[in-house]
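Single chain ahead, by itself, as structure tokens, in the form predicted alone.
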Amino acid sequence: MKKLVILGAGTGGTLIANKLRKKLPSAQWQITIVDKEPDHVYQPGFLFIPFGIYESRQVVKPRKKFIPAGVQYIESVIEKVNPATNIVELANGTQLTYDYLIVATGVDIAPYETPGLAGAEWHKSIFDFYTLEGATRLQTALSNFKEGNLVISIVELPFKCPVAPLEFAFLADSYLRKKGIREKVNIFYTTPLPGAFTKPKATKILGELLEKKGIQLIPDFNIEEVDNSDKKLVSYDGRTVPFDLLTIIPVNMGAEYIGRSGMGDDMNFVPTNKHTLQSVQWENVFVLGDAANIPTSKAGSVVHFAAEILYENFLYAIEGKPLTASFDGHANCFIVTGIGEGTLIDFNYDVEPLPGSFPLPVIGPMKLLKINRLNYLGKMAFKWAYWNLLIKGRHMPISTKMSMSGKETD
């Protein structure tokens, strides 16, 4: 019997386990999935918890609920992988042998990588919203916040969901206005980028929106340290930004076992062919989602689109055929621009976000790089689609490859 081991039962791992279990005969293939946590989290929902829009119960469910019948689920920390011998060592002492391996263990925040970030003010006046604990603690802090400097800061790229910090800034503006204290709060947005986003057209629109909402953009700000005693950010060029409440996006790194196994780069991301999603070093290893070093957004939509390509190429691989399915880096993302409003971007490796209609030309009904309520509703509706369709491996009515149909290129 052939053995497939999937490391990580998040979005990518769960999705691909569901798809492959339906395809691979149980009498011929044993599928095992490993994860260290008992709960599956809808990570895009963390953004809404600090503002009281979502509660924890809406974004957390038991993992076992989504692992398909016929897939062995093991809850354990992964100690090490030995790709030369096709063995996965677990912290509980179990050794798993495999014929094929899919790495889907995502990324974690690493506040300890930045001097002072994990210091005395961590989860007191400094918060993340990329973890459930951080998001829930930030909700309390925001509800008690009355005046001063609210700073949203990105330490470095890449990180999960590149638009989320902007969304947080926009939601914070709406939230504070609703509370009637916006004029008492200065909102700063610091980023190591030269602008609000990584792509020119989107950067222009999102930068103008920050300005319109009175959010001060501080570009090219590379954090050297966080000064806990004086409560300020210090950049490598000597600039400082004082804060009363700091919402920060820490360094993101791949899983620690990747480093211990010698499978990754210095950030523990696995070198991966950006088109086939096969490891560049081991033919029987595939990489899905944030764990890969491919040059696209670390976002749920990317995992969804990439999973379709990995699925095809995995089936080619086990049949000894060339891997002809090619991932184009497709990313599709609703961006909340305030409570009740949003925009939408659609892009890939080669094409930046462009204005236009999506998914159909003229008809849409979604409008790209336009701010309206329909795009906000699309963002909010995705939670249902995630729990009921996406991670169960069911069909989603969005093309895996990015289409130029409906996009304005002039």
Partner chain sequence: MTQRTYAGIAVDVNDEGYFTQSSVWTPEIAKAVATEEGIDLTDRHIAVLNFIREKTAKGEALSLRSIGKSGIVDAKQFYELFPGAPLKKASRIAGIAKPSSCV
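Residue numbers count along the first chain shown, from 1. Computed from a prediction, not measured in an experiment: that's the story for all the values here.
FYI, the form predicted in complex with its partner chain isn't displayed, but the following is about it.
Asks: Please run the contact check for residue 199 against its partner chain in the predicted complex: heavy atoms, 4.5 angstroms, yes or no?
Replies: Judged by the heavy-atom cut-off of 4.5 Å, residue 199 is in contact with its partner chain in the predicted complex.
Asks: Test of understanding: in the predicted complex, would residue 244 fall inside 4.5 Å of its partner chain by heavy atoms?
Replies: Looking in the predicted complex, residue contacts with its partner chain do not include residue 244, since no heavy atom lies within 4.5 Å.
Asks: Give a yes or no for residue 194: in the predicted complex, does one of its heavy atoms lie within 4.5 Å of a heavy atom belonging to its partner chain?
Replies: Output for residue 194 is yes: heavy atoms within 4.5 Å of its partner chain.
Asks: Please run the contact check for residue 295 against its partner chain in the predicted complex: heavy atoms, 4.5 angstroms, yes or no?
Replies: Yes, residue 295 lies within 4.5 Å of its partner chain in the predicted complex.
Asks: Which is the contacting stretch out of 235 to 243, 72 to 80, 144 to 152, 171 to 179, given heavy atoms within 4.5 Å of its partner chain in the predicted complex?
Replies: Only one stretch qualifies here: 235 to 243.
Asks: Within 4.5 Å of its partner chain in the predicted complex, heavy atoms considered, which of 222, 326, 140, 95?
Replies: The residue in contact is 222.
Asks: Looking at 208, 113, 99, 133, which has any heavy atom no more than 4.5 Å from its partner chain in the predicted complex?
Replies: The residue in contact is 113.
Asks: From first to last in sequence, which residues of 254 to 276 have any non-hydrogen atom within 4.5 angstroms of its partner chain in the predicted complex?
Replies: Residues within 4.5 Å: 266, 267.
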